[in-house]
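Encoded as structure tokens, the following chain is the form predicted on its own, with no partner shown.
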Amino acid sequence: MPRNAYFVAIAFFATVNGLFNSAVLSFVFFHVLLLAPAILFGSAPLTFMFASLITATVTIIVAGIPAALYERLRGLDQSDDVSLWIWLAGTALLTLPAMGRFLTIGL
């Protein structure tokens, strides 16, 4: 599989998790609303989108940890197909709680 396909799939799963994982999203939304109301002009939709972006970014970062550990243990300088598969699988596993709502509502 081409490398770009891995990145597109990882971004897709992270976006789904950022938009539809209500437990994590409400937690992040509350903290963004509490900690940064002036940055987002007190706008609830803007705060929701920022919280969704943070949730998606955290999903990518957390899912990349096992892939980074694999690369470190193997002594790789660049990502190979196995580490990209680990990263994709980690992102998909973190997105599982949001997949039900995504399949019900859709984009």
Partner chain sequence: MTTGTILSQWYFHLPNFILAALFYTLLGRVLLGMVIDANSSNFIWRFFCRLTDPVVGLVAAVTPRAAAPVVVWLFALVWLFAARVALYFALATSNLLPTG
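Residue numbers count along the first chain shown, from 1. Computed from a prediction, not measured in an experiment: that's the story for all the values here.
As for the form predicted together with its partner chain, it is not shown, yet the points below apply to it.
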- Task: Using heavy atoms and a 4.5 Å cut-off, decide whether H31, I60 and A67 all contact its partner chain in the predicted bound form.
- Result: yes
| D81: touches its partner chain in the predicted bound form, heavy atom cutoff 4.5 angstroms | no
- Task: Could you confirm whether R3 comes within 4.5 Å of its partner chain in the predicted bound form, counting heavy atoms only?
- Result: yes
Hey, in the predicted bound form, does A44 get a heavy atom within 4.5 angstroms of its partner chain? no
For this session: Answer for M49 alone: is it within 4.5 Å of its partner chain in the predicted bound form, judged on heavy atom distances?
Result: no
